[in-house]
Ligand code: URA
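Taking the form predicted on its own, here's one chain by itself in structure tokens.
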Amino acid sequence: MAPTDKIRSKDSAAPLHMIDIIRKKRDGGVLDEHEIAFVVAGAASGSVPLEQLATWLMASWLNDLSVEETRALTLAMRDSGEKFSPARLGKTAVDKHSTGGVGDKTSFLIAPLAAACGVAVPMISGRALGHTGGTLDKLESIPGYRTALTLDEFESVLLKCGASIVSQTPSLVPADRALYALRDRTGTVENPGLICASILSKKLAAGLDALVLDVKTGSGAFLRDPAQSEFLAALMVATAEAAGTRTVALLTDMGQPLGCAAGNWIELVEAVELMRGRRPVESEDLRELSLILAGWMICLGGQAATPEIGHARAEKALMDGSALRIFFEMIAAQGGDVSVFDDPAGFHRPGATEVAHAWESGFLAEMDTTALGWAVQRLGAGREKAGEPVDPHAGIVFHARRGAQVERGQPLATLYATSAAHLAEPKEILRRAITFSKTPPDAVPLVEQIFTRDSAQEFLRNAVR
């Protein structure tokens, strides 16, 4: 037997074999922490062949991971590489993570809002994935902005600004890099246990004291079944709490794009407008959700007794300009040119622009947000394959929100594309994704449910999987 095929655990006398682990999971067995650690070590080092890792992922997807397996996988992945320690920051380190959405630009608001209220925000973010936009792609619309910092540079920006938004370093959670690349290619992405371990391993490797999770529900969520979204939220809270990180999860609506802009540069512009104290009605859901999330971060960070008091503190930082000052300081500290925000319309240079008009009169009843995300991607704002460049100027600005009453011929959205050739398919997607009705639709709450440690544990005890 080759050395890479087995390992003798320091806590177990029996050697481990990858083929035995695959068979056990294939047949519905529950893996122990030593078996999970073996899989993760093999993924990080490359000692386990990719075909065996892919087979294990499919077995785990088909048979699900138990709560205990998910916890063991999360911790083993967290410990698979280098970790960041926020100890020298002298503040409580709190982050926010969203499970992905269309027009979801809350990170640009909540990071400086929480920092302005005395919380350190070490935020490790990602790129566009499928129909959802990527925080890093949006920030890289700013000329010169560097997302790939070393951990020392990351700490330096945090010490100076209180917040930093960066990409995952090559040495941080290497097991997740290997496993996620395989999940994307083997159809094993949409699984609560695997999603939980992937997200939390990176967040816990950042040494967080507390974490706020924004778990999306509705037509734009990765997990469109509300029961799956609930289970994922509870699972992530319980797993992070068991690892010693205070965590709360909010189930929030993704039945329409968040705010009015979906793209890269245009999302940054919308966020900065709010930080300049402006309050356009089409951005009200973005403003309120950002304040709610920041309020929880400020509370968990020890700077407010309740999330409601945290909300009030965040709103003050939004209105007095302190959040905008920190945001611009962070951009400059990471090499970005903040002068582009002096004339955001002048900097915006899409290859082609077209206004889509309402094709009938009535109330805007439903939006297939996943489809709208694909429309944004195909305008040039996203990528078909990993590593492809994205167009910072492509995207959609929506002029009507769900529930609005519109007349036929009224401007519904403005499409910005890389070229005129990129417009036809997104326009057709738009027509299929938006439904009108003769009566107004029922209102949908922005925040549908909140899981804390106790409610998450109770939910999991009663969950039937």
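Rigid core here is just the name for the largest C-alpha set that superposes within 1.5 Å across the two forms. From 1 onward, residues are counted along the sequence shown. The model shown is predicted, which means the values in this text are computed figures rather than measured ones.
The same protein also has a form predicted in complex with uracil, omitted here; what follows describes it.
Between 239-247, 355-363, 268-276, 195-203, the stretch whose residues reach within 4.5 angstroms of uracil in the predicted complex through a non-hydrogen atom is 195-203. Between uracil and the residues R183, R313, R287, H348, the one pair within 4.5 Å by heavy atoms in the predicted complex involves R183.
Checking F222, Y145, F231, F341 against uracil in the predicted complex, a heavy atom within 4.5 Å turns up for just one residue: F222.
Taking non-hydrogen atoms only, R383 never approaches uracil to within 4.5 angstroms in the predicted complex. Put simply, S98 is close to uracil in the predicted complex: some heavy atom of it is within 4.5 Å. With the core held fixed between this form and the one not shown, I434 has its Cα displaced by under 2 Å. In the core-superposed comparison between this form and the one not shown, the C-alpha atom of L57 has shifted by at least 2 angstroms. After superposing the rigid core, the C-alpha of L211 moves by less than 2 Å between this form and the one not shown.
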